[in-house]
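Okay, so here's just one chain, in structure tokens, the form predicted on its own.
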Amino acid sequence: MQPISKDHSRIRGAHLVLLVVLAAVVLLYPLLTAKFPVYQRLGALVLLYAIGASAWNIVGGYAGQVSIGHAVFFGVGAYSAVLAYHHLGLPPIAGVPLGVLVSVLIAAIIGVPTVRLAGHYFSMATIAVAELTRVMTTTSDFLGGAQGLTGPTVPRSVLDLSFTSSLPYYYIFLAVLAGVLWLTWRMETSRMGFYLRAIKDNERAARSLGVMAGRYKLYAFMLSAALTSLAGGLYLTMFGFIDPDSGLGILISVKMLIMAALGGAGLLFGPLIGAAILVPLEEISNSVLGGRGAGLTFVVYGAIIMIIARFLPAGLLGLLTRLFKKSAAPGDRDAA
């Protein structure tokens, strides 16, 4: 038993080092990019998409339910924020709680029949719901139709969260991401986290041991929907505009999936690592190719999915953990 305990302690030590390094990079980043506004905006985007990917990770990474329709909840959050301003004259952030509530209700309604599905059937069901929502939004005058809706053109107060610099958004998104990661960590170390991992590994065996798989998958789906809606509301406060494609397009869901899978689905910091890689890659390709790279985006995402499925099924963090175990194994055997 000694080698196993040593191996676990070393892995925990490696995770602690990774946490310290990530915290140092995130906290020092604004200081290092103080003279480069474009990089501050890039950092804010990484944190924003990391929030969405971390929310998807709850149901897709821990519960093993691969949703490709999470754009529904992202769009609900963004539209709720802009509707609060457009129809009621309130700050967009005032609509975020409503978006979270509506997203949870939608997740409960569509989750009851869909969480019973497994594998690609669940994914297909979520895609269908997302596309139906996008089409309905396109034809709704109340939601701005295909033209979309715009938030405050000029900041009326600090509550509008309309800043000329990206630095305030960076710190706001960082605080929200810290809260999402803390909540995910609490879930991961709780009974719900253990149940979700058991369901993901072998749902039939988990059920035979008394785990109510359907209930806990639904809980994960609803929690993930709430946090994804929060990310959508924050997106609206930063960009000030939303339309069916930018809020409900399938690429929103695909980005969340790829970020979580690239960094390590089912791992706490996996989505953040994935976002730190994918967001700069996307921004660079957009700046180089401009509008000509719209179709290429699908090709790049498809290639990333194939690489992950073939070479990195556990993501980059999973790969690093496996390599660390291999490097630590000879020393453990000698000590034994």
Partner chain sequence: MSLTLLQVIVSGLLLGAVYALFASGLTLIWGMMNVVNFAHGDFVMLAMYAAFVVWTAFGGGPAASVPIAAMLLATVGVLSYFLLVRHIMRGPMLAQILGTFGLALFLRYSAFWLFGSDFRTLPDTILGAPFEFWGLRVDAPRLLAGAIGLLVILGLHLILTRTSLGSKMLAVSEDAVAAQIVGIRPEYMQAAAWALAAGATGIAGALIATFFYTSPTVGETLAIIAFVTVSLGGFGSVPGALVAGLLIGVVESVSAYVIGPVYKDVIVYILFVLVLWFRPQGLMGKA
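In this text, all values refer to a predicted model and were calculated from it rather than measured experimentally. Numbering follows the first chain given and starts at 1.
Note that the form predicted in complex with the partner chain isn't included here; everything after this is about it.
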Exercise for the section: Please run the contact check for A261 against the partner chain in the predicted complex: heavy atoms, 4.5 angstroms, yes or no? Expected result: yes
Practice task
May I ask you to state whether G302 is within 4.5 Å of the partner chain in the predicted complex, using heavy atom distances?
Solution key: yes
Handout entry: 4.5 Å heavy atom contact, G60 and the partner chain in the predicted complex
Key = yes
Problem - 4.5 Å heavy atom contact, A205 to the partner chain in the predicted complex - result: no
Completion exercise
Exactly one of T153, T139, Q147, T164 comes within 4.5 Å of the partner chain in the predicted complex through a heavy atom, and that residue is T139
Practice task
Would you mind picking the one in L117, M187, L174, V211 that has a heavy atom within 4.5 Å of the partner chain in the predicted complex?
Solution key: L117
Exercise for the section: May I ask whether V112, V129 and I250 all come within 4.5 angstroms of the partner chain in the predicted complex, judged by heavy atoms? Expected result: yes
Problem - Option from 62-70, 271-279, 30-38, 47-55 whose residues, in the predicted complex, bring a heavy atom within 4.5 Å of the partner chain - result: 62-70
Exercise for the section: Taking only heavy atoms into account, state which residues of 252-267 are within 4.5 Å of the partner chain in the predicted complex, ordered by sequence. Expected result: V254, L257, A261, A265
